[in-house]
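Heads up, the chain below is alone and in the form predicted alone; it's given as structure tokens.
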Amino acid sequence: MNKVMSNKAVIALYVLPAFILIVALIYGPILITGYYGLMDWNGIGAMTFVGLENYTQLIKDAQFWQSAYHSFLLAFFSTLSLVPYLAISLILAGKIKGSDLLRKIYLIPMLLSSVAIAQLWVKIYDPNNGMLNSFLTMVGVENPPAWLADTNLVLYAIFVAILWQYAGFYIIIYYAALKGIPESLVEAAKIDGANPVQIAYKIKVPLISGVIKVTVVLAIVGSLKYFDLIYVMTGGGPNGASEVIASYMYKKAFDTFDFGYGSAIAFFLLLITLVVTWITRKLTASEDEIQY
């Protein structure tokens, strides 16, 4: 076997199919998208080369930067939400009664499609018959807001639905990482007199810091390219109040049939995501990863 694997031709033969698939399915479409961004094209007729015109127009597009602000706002709240997710995971991993049932309950949103979740929250936020406004009316709130029609509230109302959708995903990741910590370390800390908060803060969290960094990157990148729930619930409205980069790109490409400009937005989104990911990795990098 060692003789076979030392043969470079054999290694190339093994690697080549996966390499071709990656180039064809990932890097190829990225390059093509960047190329289409240099064109004036309605998606059907002939393409006209316009150089960097779409990209310069994008830089001056106030609506694009507003949608980018909303995407970054979602990334901020998604990252912030990791703190309560981690706290819940620490509690669930602490052998409390009913932790198995609670873990399964938190996973339920992960089993639903984004469209089903969007329809569920649209019903909850319904200004006339929705569960939320019915509750507010019951406790004495007069004229409860029209959550998805109010330009000041709609973005945050959708954020709640998105954070609820991904709660189970991050809780399970943290829970699995916490379960990998040797019990002997926790027992030794207890013998030394550490209380549960000190054990969590000084032992468990540092030991899973690598996993936390990965989830931070996942939360930020996932938020920057988020699309489905927002598009189904509001379509980016009203008046662009809930527009994000991905929904703005979709509208330009498929509603106004400006595929050249839509491709430029998509390629620019990729560049933004790469830069933000690199910055996040730099900010969260540490010289010594804790080993156990």
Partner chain sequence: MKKGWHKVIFSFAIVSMFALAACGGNEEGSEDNSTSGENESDSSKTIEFMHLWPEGSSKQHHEIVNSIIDEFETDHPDVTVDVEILGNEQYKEKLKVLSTSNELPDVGMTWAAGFLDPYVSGNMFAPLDDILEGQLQDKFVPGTAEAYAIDDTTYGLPLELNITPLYYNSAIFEEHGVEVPSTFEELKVAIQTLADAGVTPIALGNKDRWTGSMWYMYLADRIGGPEVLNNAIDRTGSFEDPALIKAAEEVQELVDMGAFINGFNGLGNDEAKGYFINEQAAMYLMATWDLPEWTTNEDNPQEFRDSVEYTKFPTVEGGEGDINSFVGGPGVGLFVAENSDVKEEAKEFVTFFVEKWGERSVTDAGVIPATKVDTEGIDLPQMYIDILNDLNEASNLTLYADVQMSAGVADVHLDSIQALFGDAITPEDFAKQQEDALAAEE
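Positions refer to the first chain, counted from 1. The structure displayed is predicted, hence computed values, not measured ones.
Another form, the form predicted in complex with its partner chain, is not on view; read the next lines as being about it.
Asker: Pick from Pro206, Pro127, Gly94, Gly180: which residue has any heavy atom within 4.5 angstroms of its partner chain in the model of the complex?
Answerer: Checking each option against its partner chain in the model of the complex, the one that comes within 4.5 Å is Pro127.
Asker: If you check Thr48, Gln66, Thr56, Asn42 against its partner chain in the model of the complex, which one has a heavy atom within 4.5 Å?
Answerer: Exactly one residue meets the criterion: Asn42.
Asker: Have a look at 257 to 265, 48 to 56, 219 to 227, 25 to 33 and name the one stretch with heavy atoms inside 4.5 Å of its partner chain in the model of the complex.
Answerer: It is 257 to 265 that comes within 4.5 Å of the partner.
Asker: Closest heavy atom of Ala246 to its partner chain in the model of the complex, within 4.5 Å or not?
Answerer: It does not: once its partner chain is placed as it appears in the model of the complex, Ala246 has no heavy atom within 4.5 Å of it.
Asker: Find out whether any non-hydrogen atom of Ala149 is located within 4.5 angstroms of its partner chain in the model of the complex, and reply yes or no.
Answerer: Yes, Ala149 is a contact residue.
Asker: Can you work out whether Val122 and its partner chain are in contact in the model of the complex, taking contact to mean some heavy atom pair no more than 4.5 Å apart?
Answerer: Contact check for Val122: yes, within 4.5 Å of its partner chain in the model of the complex.
Asker: Does Leu38 reach its partner chain in the model of the complex, with heavy atoms at most 4.5 Å apart?
Answerer: Residue-level check for Leu38: no, no contact with its partner chain.
Asker: For a quick check, can you give me the residues of 217 to 236 that have a heavy atom within 4.5 Å of its partner chain in the model of the complex?
Answerer: The stretch touches the partner through Val232, Met233, Thr234.
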